[in-house]
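Read the single chain below, which is given as structure tokens and is the form predicted alone.
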Amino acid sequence: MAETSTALLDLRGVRKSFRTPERHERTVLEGVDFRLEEGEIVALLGKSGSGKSTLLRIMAGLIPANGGEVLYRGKAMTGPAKGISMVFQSFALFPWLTVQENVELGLEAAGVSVAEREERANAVIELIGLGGYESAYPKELSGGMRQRVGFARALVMRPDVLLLDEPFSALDVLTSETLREDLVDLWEERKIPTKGILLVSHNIEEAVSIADRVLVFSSDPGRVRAEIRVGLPRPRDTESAAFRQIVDEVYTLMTAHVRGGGAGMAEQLTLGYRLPDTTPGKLAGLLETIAEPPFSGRADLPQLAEETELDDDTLFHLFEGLRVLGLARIAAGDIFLTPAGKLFVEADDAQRKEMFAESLVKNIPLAAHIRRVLDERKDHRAPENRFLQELEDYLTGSEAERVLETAITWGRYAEIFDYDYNSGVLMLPEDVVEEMEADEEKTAEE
């Protein structure tokens, strides 16, 4: 579509930052450019914590941007827009209200009359497949039915734009597919008044099966860095060569690293590097899977996802962990074991711990920093809050806690430090302290 047309949503250089409790500024979004045109579905893919949900809330007018422009039908947004509705990952239903009452809630807030509220709610409840459940309470409904209530509550407002924040991720596979197909059918058959849909997802196949365009979001800070147009008619054959080719292309983009960083670790990580949310055991398990037939050291990413039956977000954390530790590299939609990765698979448990420890201290600044502090302290102990405060210069409080917890898990496995969960204190392992004391005594005697 021509850039001169008035888009439903038009974001130009949008920036969003937050302040930590210590008054440090953390930029979540920077330079985001995006247009949602009439008649299209756009999917936004990105890793956890990349700012996708924050971006949706800015588009919905729920929070303001710190910079740039946000236009709805050519006009600057100053708050929630009447023509934009949002469906969340969590069902966010009021448990004390019936299906009918939950659906009518937005209409009531908008001052719509009782008779019109009832008529519009009944129509959309029937449309979304909930007829007969008007008087039911959320606790009486399955997860899929509760999310249908979420969709009904959004659609009853007759929105121009529907913003979907991972609406299918809390559902089982079959329920997710059914609800997704029902939504696409309503869209294709023009049974809903919505002119444009933006879907945030972690699921690549889901995005390609629904969207006209797939956008890949980068992290730290978040911005749109790539776009793929999906020129396939709906409903889409997920087994077709054309579909699989697009999925493979998206995987390639999702695992490309703007700052470099193959097995040689060209990128320079900071103390606040967002450690992938995974464990050494899971990393070892994926390495073993890649090493074994049918992959034998090199795996096509979509095929690996199918073989492991892991969701894309989990896999991307695993891929990032292996990559940043130098145990695997990713190129052209495939993941390869590095020489270090092959040695790791062949090693026994003790050797694996030694290799993991060496890679951890070499490649992960936070782990190296914790070990250095513990080495230098006379009692070789330090409270976790000391490191949390340092991380909060880079990350939100909750993300800083998650990253430190991950670093502790990795460090304990590698036996480069230990942790007392009761006191929240990090310390050197006893055998390391004993070895250091023995070296000190030997040096003093000499």
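Just so we're clear, the structure is a prediction, and the values are computed from it rather than from any experiment. Residue positions are given as counts along the sequence shown, with the first one as 1.
The discussion below concerns the form predicted in complex with ligand ADP, not included here.
Chemist: Between the options A65, I408, V28, A60, which residue brings a heavy atom to within 4.5 Å of ligand ADP in the predicted bound form?
Modeler: Going through each option in turn, the one that passes is V28.
Chemist: Partner absent here, but in the predicted bound form, which of 43-51, 376-384, 66-74, 30-38 has residues with a heavy atom within 4.5 Å of ligand ADP?
Modeler: Going through the listed ranges, the match is 43-51.
Chemist: Can you tell me whether E415 touches ligand ADP? I mean in the predicted bound form, with a 4.5 angstroms heavy atom cut-off.
Modeler: No, E415 is distant from the partner.
Chemist: Even though ligand ADP is not shown here, does E390 get within 4.5 Å of it in the predicted bound form, heavy atoms only?
Modeler: Output for E390 is no: heavy atoms all beyond 4.5 Å of ligand ADP.
Chemist: Would you check, heavy atoms only and a 4.5 Å threshold, whether E399 touches ligand ADP in the predicted bound form?
Modeler: Flag for E399 set to yes.
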